[in-house]
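Take a look at the structure tokens below, where one protein chain is shown in two forms, each on its own, as structure 1 and structure 2.
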Structure 1
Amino acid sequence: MDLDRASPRPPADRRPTRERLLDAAEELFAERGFAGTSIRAVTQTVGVSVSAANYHFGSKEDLLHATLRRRAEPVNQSRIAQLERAEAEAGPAGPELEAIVDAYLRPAFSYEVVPPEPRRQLLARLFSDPPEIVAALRRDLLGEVTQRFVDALERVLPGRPRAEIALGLEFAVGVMVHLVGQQHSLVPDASDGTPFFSSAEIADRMIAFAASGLRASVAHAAD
């Protein structure tokens, strides 16, 4: 019996090596974290040599940075685009607090911006992996866009200390990371296994919760 004829092999992945390495690294970093992922494990998944990974990225740290940047940049672009739309629609009065919070948080829940797992868990690693590994990456990948949002929040929360506003946004990000990382285990599914809330519904409730919390947090600081 001709086994090749009976069970044809899938075509070889002919995409560029760099892209295949990023895909493999994305899955492994999301599953195992930085410490639990080796360059050799990534290259074995792709079927190339360690020297090929070193050629494209230089080090495991550089590979992690490139992997995270590939997913973080579309989120940041979507955030800024949504914020600019909200500002344009609001006119001189500026957007409401909820619109600003929505622009920052919702893109992480959009399948068009962040495809399903493991991409979402990968972004959550920016906040769950040890600070000595990811703190500098967070600043590089999220610092500029986050400051843009703190600027916008300052305009709708006049007189509030910038540090308090930034801390309130940090609280909101913590909720987002918890949900993006699929850690919401306190809300059970229906008896047939169907989730009670869709991803969009969870995002709606999270944004309302975060906006109320941000408003209350800075009000408490003012008091």
Structure 2
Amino acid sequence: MDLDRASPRPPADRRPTRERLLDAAEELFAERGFAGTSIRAVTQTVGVSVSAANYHFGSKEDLLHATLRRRAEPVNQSRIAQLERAEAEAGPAGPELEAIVDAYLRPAFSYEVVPPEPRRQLLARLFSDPPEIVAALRRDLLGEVTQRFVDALERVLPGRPRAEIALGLEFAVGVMVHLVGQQHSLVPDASDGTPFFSSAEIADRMIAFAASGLRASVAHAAD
């Protein structure tokens, strides 16, 4: 029973402090944003001292960046994987617009790629925390993937200016961020508290909304 004596703590506590700090920070930053979250709140959640966080991450801003990076990377990988799969399955004309939009939007909404609330809300902070804190990182995390998707969309919207396509994708990002951020007023609940829509149904409808909207906004006032 040496093993038991050496690991008396529950599994969650045996993970490296650095990762436990990232987990706690992710949850708090997701719920309260950068300014609304203190390093102390993070370290008290984990049960370590403030200086432990500063040792591992250097500053509060770097801690936020680390949480955002950790979460954005699997989302982007899933986006690319979905897009490549759609391209492999499609003929030489390339995948349908709906499939491209699906590949971009669904990963941020999938519990297989992103943890449940409240941590899922974290990526919305990339768009609501102050620009000095998140703008450069946002470009770094989203720029390349997004250009890849604009490329794909150009093939199904031949002749349309790239800027119009990018604007349409920006609209789609807006819908996604709003839903991921979970500050809804309108999505109704049934009177007994059961939601009217499952998460998967919301995602399906969101994708239908964005795909149709993208087509229409790009066709808008077409010359």
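If you superpose the two forms and keep the largest set of C-alpha atoms that fall within 1.5 Å, you have the rigid core. For clarity, every value in this text was computed on a predicted model and none was experimentally measured. Structure 1 provides the reference sequence; residues are numbered from 1 along it.
The form predicted in complex with the DNA appears here as structure 2. A movement of the C-alpha atom of Thr67 falling short of 2 angstroms is seen between the two structures when the two forms are aligned on their rigid core.
The rigid core superposition between the two structures gives a CA shift for Ile39 of 3.1 Å.
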